[in-house]
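Next up is one chain by itself, shown in C-alpha cells, the form predicted alone.
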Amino acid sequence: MSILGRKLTFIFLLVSSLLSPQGYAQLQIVITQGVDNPVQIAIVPFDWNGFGLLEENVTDIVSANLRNSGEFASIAEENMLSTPHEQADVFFRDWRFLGADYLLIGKINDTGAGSALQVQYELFDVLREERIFDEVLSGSRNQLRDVAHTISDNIFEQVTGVKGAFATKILYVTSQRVNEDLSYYQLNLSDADGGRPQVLLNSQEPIMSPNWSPDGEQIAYVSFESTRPRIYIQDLATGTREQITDFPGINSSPVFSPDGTKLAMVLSKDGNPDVYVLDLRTDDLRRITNHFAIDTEPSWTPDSESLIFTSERGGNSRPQLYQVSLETGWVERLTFQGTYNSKGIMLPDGVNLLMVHRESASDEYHLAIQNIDRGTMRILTDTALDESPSVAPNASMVIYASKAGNRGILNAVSIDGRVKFQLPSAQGDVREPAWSPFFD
C-alpha cells in the first residue's frame, strides 16, 4: 500500500451531530484568575435598525470576549448614565464618572438586501476624550458571531498592542463512557470561546492528536477506527478526508510544518518509535531519528529547520526534550531540570520553550516555560495532570487538558501566568485541544 493509501470521502453534515450518541459537547469559559487592574470598558448595547430579533447579541459577545481575556472588565449596563450610538451623543464626563477607560458604541443596520447587515462601531479613549477608531463591517445574520469576534480582536489589539485571537477556532476531543465495553469519542470544532460547536467525527474508538495546517483549511489527527492507530488529513470546507498512513505498529503525533508542505509524525514500522517527516507534495517519507529509545511528540521550530521531540534516550526512564536539525541530523538535549519534560513547543521568539514539566517524582505535572538561552524555568500552572498544550496564534495564551475531580477538562493560561480560565464541558471528558492559526 502506498504512503497516501486509499482516499476516503466523508462529508460531515450538521444533522450527524444531532444523531450522535452525545450531541454537542459545549464548552463554557469560566475565569479563574485575571489581571489585578483590568482595563475598564463601557460597551453600550448596539442599536438595531431592522425588523425582528437578531440571531446573536453582538454586544454580549464582545463583552464576554474581552472579559474572558482576563484583561478587561465591563461597566454594567444598568449603571450607564446614557446609551449613545453616535459620537455626537457621547458625554465623556458620564463615562469618567463610572471609571471607564474606554467606550464602545455601535449600531446594526438592515441593508434591505436579503440577510445582509452593516455593523458600525466606534471606540473612544474616555480620558483623552477622543475617538481611537471606527469601522463598518458587513455580513449576513448568521455571521454576526464572526463580526463580534472581529470587533473584539480590533479592540484588544488597539488597547493591548497584541493581536486578538477571538476569531480563531479550537479543536478538542470528547469521550463518554457508556459501560465497561463501550465508549463514544468525538472530534469537535468550535469558536475559541466554545461557541458554535460542530462534531467532525464520531467513533467508538479513540481519536487523538488533532493538529491544524498553517492556513487553517485542513486538520490532521489519529483515529483508531480500524482498531489500529492511523493518521488522517481532513479538509474542513468539504469534509473530505484522506488516510495518510497504514504502517504496522504506531502511527501517531502528526504535526504540519509551518509552510504546510510536510507532516512530522511518529512511526514504529522499523522497530522502536522514531520521528519521521512526510513530504505532502511528493509522498517522500524520511526518517529523522534512529535510536533504541522511544522518540515521540515532534513539533516544528518556527524556522522549520529543526524538530523538537520527547525522548528517554537520556536514561533512567525520564523523558526529556531534544532538538534535531533536519539538515545535519545533529541532536541536542534541551532540558535537564526536573524528572519529566515532554510535549515541547518552541514559541515564536525561538528562545522560550513550552513544555509539560514535573520537578520530582512526588510532584504533579504542570506547564512550564524554559528560556533556552538562560536555562531558567518558570512554572505556569497549578492544576492537576496537565497535558497536551497548544499555543494561541498570537502566542499570548496556552490551552491545555487537565483534570477536575474525575473529569477531563480544558484550561487556559496566559504566557505570563497572570490570566487563567477553564473551559469545562457538560458532557463527558474533554482532552487533546488544538488552537487554530489566524484565518485570512
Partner chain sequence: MQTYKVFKLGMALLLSLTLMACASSDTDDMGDASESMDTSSDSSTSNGGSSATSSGAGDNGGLTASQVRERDNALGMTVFYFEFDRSDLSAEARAALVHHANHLKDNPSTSYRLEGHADERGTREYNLALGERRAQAVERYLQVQGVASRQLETISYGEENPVATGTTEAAYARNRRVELH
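Numbering follows the first chain given and starts at 1. On a predicted model such as this, the values are computed, not experimentally measured, just so you know.
This protein has a second form, the form predicted together with the partner chain, left out of what is shown; the following refers to that one.
Student: Classify K420 as contacting or not contacting the partner chain in the predicted bound form by the rule of any non-hydrogen atom within 4.5 angstroms, answering yes or no.
Tutor: So K420 does not count as contacting the partner chain.
Student: Consider D349 of the chain shown here, and say whether it contacts the partner chain in the predicted bound form, taking contact as heavy atoms within 4.5 Å.
Tutor: Contact with the partner chain, no.
Student: Any chance T282 has a heavy atom within 4.5 Å of the partner chain in the predicted bound form?
Tutor: Contact check for T282: no, nothing within 4.5 Å of the partner chain in the predicted bound form.
Student: Considering non-hydrogen atoms and a 4.5 Å limit, does the partner chain approach G271 in the predicted bound form?
Tutor: It does: once the partner chain is placed as it appears in the predicted bound form, G271 has a heavy atom within 4.5 Å of it.
Student: Among 350 to 358, 191 to 199, 153 to 161, 132 to 140, which stretch sits within 4.5 Å of the partner chain in the predicted bound form, heavy atoms only?
Tutor: Contact-bearing stretch, as computed: 350 to 358.
Student: Would you kindly say which of E312, E217, E305, D125 lies with a heavy atom within 4.5 Å of the partner chain in the predicted bound form?
Tutor: For this set of options, the contacting one is E312.
Student: Of D382, E387, D60, E55, which one comes within 4.5 Å of the partner chain in the predicted bound form, counting heavy atoms only?
Tutor: Flagged contact: E387.
Student: Is the partner chain in the predicted bound form close enough to Q186, E242 and T261 that every residue in that trio has a heavy atom within 4.5 angstroms of it?
Tutor: No.
Student: Enumerate the residues of 191 to 228 that have a non-hydrogen atom within 4.5 Å of the partner chain in the predicted bound form, in sequence order, or give none.
Tutor: Going through 191 to 228 in order - heavy atoms within 4.5 Å of the partner chain in the predicted bound form - the hits are Q204, E205, P206, I207, M208, S209, F224, E225, S226, T227, R228.
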